[in-house]
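As structure tokens, one chain now follows by itself in the form predicted alone.
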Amino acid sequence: MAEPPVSIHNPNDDDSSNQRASPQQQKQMEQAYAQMKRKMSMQEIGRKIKHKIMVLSGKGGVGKSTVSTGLALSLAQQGNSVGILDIDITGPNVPKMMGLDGRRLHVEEGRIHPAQGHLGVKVISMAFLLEDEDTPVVWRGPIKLGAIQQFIGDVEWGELDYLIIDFPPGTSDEPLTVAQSLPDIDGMVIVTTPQDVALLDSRKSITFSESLKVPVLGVVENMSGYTISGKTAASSEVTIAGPGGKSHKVSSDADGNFSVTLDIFKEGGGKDTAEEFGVPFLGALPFDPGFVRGGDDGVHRIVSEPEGESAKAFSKVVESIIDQIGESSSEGLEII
């Protein structure tokens, strides 16, 4: 019986070695390469930005974006280079508050360049990508989280002293994605108001921080009190009707000036919550109608009245945050 012919394998004749990747395989390779570049960029950004601060609230409507922009502007007033990353994909408000309504982002060589607002603060937000401000962003989780990673990894922030990260209300995917993507986050600032419902949700945010391994820098009580000022006869007594029918008696000074603070939404809840959970209380911010006008006009209260009471209150909060950053050391989550 004759032996079968010997088959000699020549790699150069193997069709598989010259076979091109399918369009689907090519797309997968491109995605993997882009993800690798983005991950390396995130690590580089982590080195270029000295301090990264997350601003959260367990409940909407407590003025979180107002606080985020106020912190950024107050830090910039002190001579720091500052950026704001607006992570609220479906409800981005920071650009309007920073006077950047209708602005478009500049992209060069695949890198997104932030817009610059008051006091040189750099801003990145989903609002810059919308053709119409009334257009809703209807994205499922994976697409939304991919956009967040792009906002971090594909943005040319440059050298920053502080990056303020403004989140949507609640404790969901967004803060988890940022904590996993951005290294060496200094900590969270929890924003609340004195109402019981807001305080209940702020407690959830404090507990949530433990699962992220990100320290809580402290609690800020927003809309803490409304101050009424006026002028009357010198060294006289004035009676002011407050909430709940409560009367407040105050004396004017030698020039006839007087002021009294009314606790519209109760008082002290933020401080009590901070003490209960053993985290710092960063301070209270006044209920200031000027924030409403400033938010609509794109001129924050700190910009319009840099020596005003609200600006002074923000300055005290910033001082407390800087003190906490000097003491905190977060291991953070592993970048994946």
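Numbers follow the displayed sequence, beginning with 1. Being a predicted model, the structure only gives us computed values, none of them experimental.
The discussion below concerns the form predicted together with a small molecule, not included here.
Review point. Using 4.5 Å between non-hydrogen atoms, is G308 touching the small molecule in the model of the complex?
Key: So G308 does not count as contacting the small molecule.
Check your understanding: With the partner left out of view, is A179 within 4.5 angstroms of the small molecule in the model of the complex by any non-hydrogen atom?
Key -> Taking the distances in the model of the complex, the answer for A179 is no, it never comes within 4.5 Å of the small molecule.
**Study point:** Partner proximity in the model of the complex: I84 to the small molecule, non-hydrogen atom cutoff 4.5 Å
**Key:** Answer no; every heavy atom of I84 is more than 4.5 Å from the small molecule in the model of the complex.
Review point. Can any non-hydrogen atom of F281 be found within 4.5 angstroms of the small molecule in the model of the complex?
Key: Result no; F281 lies far from the small molecule in the model of the complex.
**Study point:** in the model of the complex, the residue from L71, V121, M97, V189 that sits within 4.5 Å of the small molecule by heavy atoms
**Key:** The residue in contact is M97.
Review point. Heavy atom within 4.5 Å of the small molecule in the model of the complex: which of G153, G218, P114, P169?
Key: That would be P169.
Exercise for review: Look at the stretches 121-129, 218-226, 74-82, 231-239 and give the one with heavy atoms within 4.5 Å of the small molecule in the model of the complex.
Suggested key: Careful reading of the contacts points to 218-226.
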